[in-house]
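Only one chain is shown below, in C-alpha cells, and it's the form predicted on its own.
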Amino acid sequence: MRIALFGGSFDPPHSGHIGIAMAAVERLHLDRVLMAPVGRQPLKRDQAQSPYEDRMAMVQLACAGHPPLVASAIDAPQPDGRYNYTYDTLQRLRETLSAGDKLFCLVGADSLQTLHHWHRAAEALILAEWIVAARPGFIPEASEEALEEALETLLPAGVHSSQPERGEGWLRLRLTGPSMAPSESGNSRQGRLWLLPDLHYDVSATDLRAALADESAGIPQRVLDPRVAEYAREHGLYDRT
C-alpha cells in the first residue's frame, strides 16, 4: 500500500486540509492518508490548542465520506508529556507497515519553509518520501535551476535536490542527505520530494475559530464540514472568554 502521514494541529480540520489530502491521493495514487492530530508541537509552544480528544473527534468527522482518509492516533500526546517530533512519528509508523508498503509524509508549503528547524529533519526526509502541497507561486516557473536554488534555501543543511522530473500534477526530485547508519560512515542515502503545484485553499484557521465563537456567523460548507462546525460549537471549543 501507498500510505501517507498528514500531521497537524487540525484545530479545526477544514476544507484546505481535506483538499490537500485528496489531491495527494489522486495525483500520486495513494491508498491511504493518515490524518494525525499532533499532541504537542515543538514549533508552536506558545500557541494554545483545543484538547487532543476534541481535535481527533473533529478529524474523524472531517474524514467521513472520504474513504482514503483515516483519522489516526499515531501522533497522540506522549505519556511523559514530551513534544511530538515528525522523525519519531515516522519511525513508529514504519514499524507498523508491511515490507511492500511505501511511506509518504504530506505537508503544506509553510511546513517546508520551517523544515530546517525540525528535529532531525535531514534524517526524517529519508524515512519517507515527502509530498509538499505547494500554493500558487511557490514553485518558480522560470527554470528548473531556479527551483533547485529555491529548495537549497529551504532544505536542511547537507540535503540537496536533483533536477525535477515532471508528471501530470506533480514534480519529483531526488534528495541526497547524510547517512542514517549507526556507524556514521559518511555515506549518503537518497530520498524523494514530490511537489504538487498550484493547490490553492485560502482558509484561515484563525478566522474559522473566530467565526465558530460567534453563534450568528454562517460558515460555508465549502470551507468547513457542517458536522465539524456543529461539534466545535456544541463543545464550546472556540468560545471567547
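For every residue, the number given is its place in the sequence shown, counted from 1. What you see is a predicted model; the values in this text were computed from it and never measured.
Separately, the form predicted together with a small molecule exists; it is not shown, and the next lines address it.
The closest heavy atom approach of residue 205 to the small molecule in the predicted bound form falls within 4.5 Å. Contact check for residue 156: every heavy atom lies farther than 4.5 Å from the small molecule in the predicted bound form. With a 4.5 Å cutoff on heavy atoms, residue 47 counts as touching the small molecule in the predicted bound form. In the predicted bound form, the small molecule lies farther than 4.5 Å from every heavy atom of residue 120. Picking from 63 to 71, 26 to 34, 206 to 214, 168 to 176 the stretch near the small molecule in the predicted bound form, with a 4.5 Å limit on heavy atoms, gives 206 to 214. With the partner removed from view, the residue among 110, 152, 101, 145 that has a non-hydrogen atom within 4.5 Å of the small molecule in the predicted bound form turns out to be 110.
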